[in-house]
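Below, in structure tokens: the form predicted on its own, a single chain.
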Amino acid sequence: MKKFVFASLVASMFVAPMTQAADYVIDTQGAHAFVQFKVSHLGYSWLHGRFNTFSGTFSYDDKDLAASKIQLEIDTKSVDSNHAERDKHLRSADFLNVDKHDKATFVSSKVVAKDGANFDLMGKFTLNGVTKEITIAATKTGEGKDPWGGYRAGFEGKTSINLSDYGIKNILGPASETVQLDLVVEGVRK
């Protein structure tokens, strides 16, 4: 699956700077977060999909970005490529092997500021029982009060992984080796 596009915490209506570190829960209940993937199909077209079930938390400090962190857990059984038979195959031992490894996780270890709202998010990504260090190119999309009396922060990120690095051998040629991953998340401050 081509790029693991990670980290989009989409903000709500009002933008206001934060003055201190805060903890957030990713808003999966309101469908304001997405874990999506894209992989080449034989080099002829693109297969797009998503994971429907995931959860996570993050801490964000705009005064000390390096102190920020995120953790995410993805239910690999929830893979959805809009085709039931293909999804059954993706859940099999040929790909996600959900009977043995029904969760994928990302736990950040380092945040490095870049220009403007952009930063690199480094951490350990575990898939199919294999853990590797990855870097997610992330962007803060905004933060502020929501209409329900809460406070939200949003980010998005992108990365890519090689399937063979995670013990997945059933690859449909060189064009299908790399998966692009995208994550868009909106967090509600605790």
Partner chain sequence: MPLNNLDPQNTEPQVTTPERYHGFSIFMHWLMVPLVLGLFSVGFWMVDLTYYSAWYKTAPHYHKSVGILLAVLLLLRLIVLFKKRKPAPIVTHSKAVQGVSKLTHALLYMLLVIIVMSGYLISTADNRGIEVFNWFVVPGFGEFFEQQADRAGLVHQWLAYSLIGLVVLHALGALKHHFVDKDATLKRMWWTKSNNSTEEKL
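Owing to the predicted nature of the structure, the values given are computational and were not obtained by experimental measurement. Numbering follows the first chain given and starts at 1.
One more form of this protein, predicted together with its partner chain, exists but is not displayed; see below.
Are all three of His41, His83 and Ile171 close to its partner chain in the model of the complex, meaning a heavy atom of each within 4.5 Å?
Verified in the model of the complex; spot residues all in contact, yes.
Quick one: is Lys88 in contact with its partner chain in the model of the complex, heavy atoms, 4.5 Å cut-off?
So Lys88 counts as contacting its partner chain.
With heavy atoms only and a cut-off of 4.5 Å, decide whether Lys103 touches its partner chain in the model of the complex.
Lys103: no contact with its partner chain in the model of the complex.
Can you tell me which of 28-36, 63-71, 151-159, 41-49 lies within 4.5 Å of its partner chain in the model of the complex, counting heavy atoms only?
Selected range: 41-49.
Going by its partner chain in the model of the complex, which residues of 63-81 come within 4.5 Å of it through any heavy atom?
Residue within 4.5 Å: Lys77, and no other.
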